[in-house]
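In structure tokens, one chain follows: the form predicted alone.
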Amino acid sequence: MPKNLIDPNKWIDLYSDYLFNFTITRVKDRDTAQDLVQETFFAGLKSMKNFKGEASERTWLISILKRKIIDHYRKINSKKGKAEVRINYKSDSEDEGDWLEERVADPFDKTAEDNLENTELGLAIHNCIEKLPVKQAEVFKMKTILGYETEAICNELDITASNLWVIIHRARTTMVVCLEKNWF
């Protein structure tokens, strides 16, 4: 299949179990998880023309699903007027996975201040990536920014999957420290 062609007729067979398992660990409710997967498939159908083929079909659907999960939590927390997103920002402490409020700007409420903040954060991330060792930076960009599959990265860089995950862990740990110093 050409790189930028997707086949929604195969999505349920190929991806529904994976997407459901991904979702159920994050929302803990079977009906909600099923709804979010269904919404993901629907959103994928509506935005098929935007699929560039830079990532796999599954990675593209997961990125849609992640936004659906975030929207779900924003909706149920809207009474407080705050978006809550579970992020892992300290991988070696008791605070791992704490709920942090207002760390992620609402994408539908953009202001000049948000745009400036996003630009500054982008520069901080870029500067922190430049401080990583070359191999860590390369693997981090391929996996985290470009969304390459593990197998593709391993084949391209001639490394094992376990080596890749060690490199990713070290890069993320270094990035967290760097961003805490230069951004948060």
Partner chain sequence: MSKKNKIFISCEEANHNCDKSQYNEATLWEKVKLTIHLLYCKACRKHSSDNAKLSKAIAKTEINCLELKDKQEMKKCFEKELKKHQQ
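None of these values were measured; they are calculated from a predicted model. Numbering follows the first chain given and starts at 1.
Although it is not shown, the form predicted together with its partner chain is what the next lines describe.
Shown alone here, Met142 lies within 4.5 Å of its partner chain in the predicted bound form, counting heavy atoms only. For Phe42, a non-hydrogen atom is located within 4.5 Å of its partner chain in the predicted bound form, even though that partner is not displayed.
Lys52 falls outside the set of residues with a heavy atom inside 4.5 Å of its partner chain in the predicted bound form.
The closest heavy atom approach of Gln38 to its partner chain in the predicted bound form falls within 4.5 Å.
Scanning Ile159, Ile125, Val27, Ile70 against its partner chain in the predicted bound form with a 4.5 Å heavy atom cut-off leaves one residue, Ile125.
For the partner-free chain shown, Asn9, Trp11, Ile12, Asp13, Ser16, Asp17, Phe20, Asn21, Ile24 of 9-29 come within 4.5 angstroms of its partner chain in the predicted bound form, judged by any non-hydrogen atom. Relative to this form, Glu156 and Thr59 separate from one another in the predicted bound form, with their C-alpha atoms ending up at least 3 Å farther apart. In the predicted bound form, the Cα-Cα separation between Thr144 and Leu14 shrinks by 3 Å or more relative to the displayed conformation.
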